[in-house]
Ligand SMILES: Nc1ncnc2c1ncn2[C@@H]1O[C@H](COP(=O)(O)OP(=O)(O)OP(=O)(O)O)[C@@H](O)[C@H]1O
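Presented as structure tokens, the chain that follows is alone, the form predicted alone.
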Amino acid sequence: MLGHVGHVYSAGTPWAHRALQDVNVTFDDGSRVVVVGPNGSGKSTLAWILAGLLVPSEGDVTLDDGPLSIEERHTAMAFQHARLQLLRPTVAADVRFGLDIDDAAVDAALGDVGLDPDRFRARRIDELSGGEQRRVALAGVLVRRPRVLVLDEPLAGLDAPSRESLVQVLGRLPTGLTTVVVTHDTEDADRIADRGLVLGDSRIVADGPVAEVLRTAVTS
């Protein structure tokens, strides 16, 4: 999917900064991947490129035999600060925002993220807890049926019950959906991913089974 991808911010200026260099990685359909690395390693840049929100300076990002495209709904992203992603006053209105879908589709999306439609459909966004807001934001991207879902720090800052609820949701996302979780938090990585990528100095420095890769990253 990514071939010789690199990215330089403010290229051609005195403030040029390289965030990624020669990244080559392929994701199988339905794979569940966690991406970790220290601050400045390029995780956020990789996430934005995979989500179709940033065009890399170098290389190609493809799906099947064509370019990965957010406009074609190939890909979607759920952000850490979910409140910024929720644009309508009620849960149902936000899930269906921009789509011509019926109540059954909204209810199915809420069920996919572990929210009872009868309890949450009419709730106001500002009445929700942080964990509930993240799940509503996730429902709003899942209902679009992307093929690739990028999650930015989905577990950060949640209390224990909210965290456990979201871990369970992430562990049972629809079959065939490729998920890429970018995170500093590796505590439950083996419950939400099968494969791990470690970034360092703007490159992929480890790639393999999640428990093995993260164990190597911690001890190296």
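We number the residues from 1 along the sequence you see. None of these values were measured; they are calculated from a predicted model.
Same protein, other form: the form predicted together with the ligand, not shown, and the subject of what follows.
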message = If we define contact as a non-hydrogen atom of the residue within 4.5 angstroms of the partner, is Asp188 a contact of the ligand in the predicted bound form?
response = no
ask   = Would Arg32 sit within 4.5 Å of the ligand in the predicted bound form, counting heavy atoms only?
value = no
ask   = Can Val23 be called a contact residue for the ligand in the predicted bound form at 4.5 Å between heavy atoms?
value = no
ask   = Any of the heavy atoms of Thr178 lying within 4.5 Å of the ligand in the predicted bound form?
value = no
key: Selected contact from Ser44, Ser162, Ser57, Gln168, since only one has a non-hydrogen atom within 4.5 angstroms of the ligand in the predicted bound form   = Ser44
One stretch from 169 to 177, 58 to 66, 189 to 197, 44 to 52 that, in the predicted bound form, holds residues within 4.5 Å of the ligand by heavy atom = 44 to 52
query = Using a 4.5 Å cut-off on heavy atoms, what residues in 21 to 39 are near the ligand in the predicted bound form?
reply = Pro38, Asn39
